[in-house]
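Here you get one chain, nothing else, as structure tokens; it is the form predicted on its own.
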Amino acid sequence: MIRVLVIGAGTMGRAHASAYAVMPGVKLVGIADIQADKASGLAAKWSTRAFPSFEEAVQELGLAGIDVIDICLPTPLHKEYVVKSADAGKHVICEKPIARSAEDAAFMIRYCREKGVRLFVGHVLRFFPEYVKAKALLDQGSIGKPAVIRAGRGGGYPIGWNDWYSDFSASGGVTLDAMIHDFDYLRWCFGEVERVYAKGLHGRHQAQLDYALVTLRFRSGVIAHVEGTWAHEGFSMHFEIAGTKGVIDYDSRTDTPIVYKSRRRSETVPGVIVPESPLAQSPYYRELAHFMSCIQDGSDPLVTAEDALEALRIALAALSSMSSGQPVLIDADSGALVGAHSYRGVMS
């Protein structure tokens, strides 16, 4: 039995708690949040204990009563609570983005390694069935050599604890908080990014609007255009992957989950329906169950903490490009941003 303590009772804390509560071989031992009413309400829903702080949870449950600590807090708090969890000798699951700076992320990875605990980062897009299916089609060579990708996500402006999303130095806006999902997925599919160019609304409009368009050039030659918005109603996500022999297309706003179109004929092949339903396990459940399995058998996760750091570097390169108006190169060996315009909140 793996005993999990969730830190944070917000949106992601609720998603993670609901998964653990019904997961075989896992016990949700508590919810900790400084907003006591939120912690109590979520704990009551899943018949577990509520705590007003990390420290009180660890003290009352005891180190022997916790195996994994799952951190579902705002980005600026990730480093602090990853360090606290590692100091307690517990494996750590941390929501994306891993940190607000590459330096903090690298420190967190080293710290957990030195403490002998495992660090998992919640890049859940790799567990969405449509994205998994598209990756499988790519690996099978279904569309030949990939060339151009369009991808994106977004909806309305999120409102979090203390309205922290509106503090750009904390959240990084839509680029770092939301588009980082697509950066991780595209890197999984197409390898390392060498050049980033981006434009966005940050600094041009009021705080409750954000939009970005980021162009990525991969070392493989693939070009991707990634769009993110916190300026529209209704959440959606999409991708279109074009190759020499066909196209893979997905849009969450349509009824057909994923469509593959061959270039050998003009008509669309019937949609490849992913065998999922609203009653099936959620991507968050799959992700967390996968992490639990990795803890049990010592295997490597589908997405590593190092992968999370690389996705963060792409997002930071995009923010730097927006600030300077110039493209940013990502050094192949060090991951450093070349030609980047440093400013407070992007590179530290």
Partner chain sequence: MKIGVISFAHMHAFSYTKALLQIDGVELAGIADTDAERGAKYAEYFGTTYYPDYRELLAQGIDGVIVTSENARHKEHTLAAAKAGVHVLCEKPLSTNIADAQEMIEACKASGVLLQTAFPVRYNSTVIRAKQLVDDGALGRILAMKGTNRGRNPGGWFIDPALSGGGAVIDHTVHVADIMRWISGAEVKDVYAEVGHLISEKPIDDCGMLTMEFENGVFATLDCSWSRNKEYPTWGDVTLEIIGSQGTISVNATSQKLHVYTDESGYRHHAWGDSMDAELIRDFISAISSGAAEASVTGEDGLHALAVAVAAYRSSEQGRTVTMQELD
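Residue numbers count along the first chain shown, from 1. Predicted model only: the values in this text are computed from it and were never measured.
Although it is not shown, the form predicted together with its partner chain is what the next lines describe.
For the chain shown alone, Trp161 is not a contact residue for its partner chain in the predicted complex, no non-hydrogen atom being within 4.5 angstroms.
Within this chain, Gly325 lines the site of its partner chain in the predicted complex, having a heavy atom no more than 4.5 Å away. Using a 4.5 angstroms limit between non-hydrogen atoms, Ser252 is distant from its partner chain in the predicted complex. Using a 4.5 angstroms limit between non-hydrogen atoms, Tyr211 touches its partner chain in the predicted complex. Contact with its partner chain in the predicted complex, defined as any heavy atom within 4.5 Å, is confined among 67-75, 85-93, 217-225, 171-179 to 217-225. None of Arg187, Lys115, Lys133, Arg195 but one reaches within 4.5 angstroms of its partner chain in the predicted complex through a heavy atom, and that residue is Arg195. Residues of 86-105 that come within 4.5 Å of its partner chain in the predicted complex, judged by any heavy atom, do not exist; none qualify.
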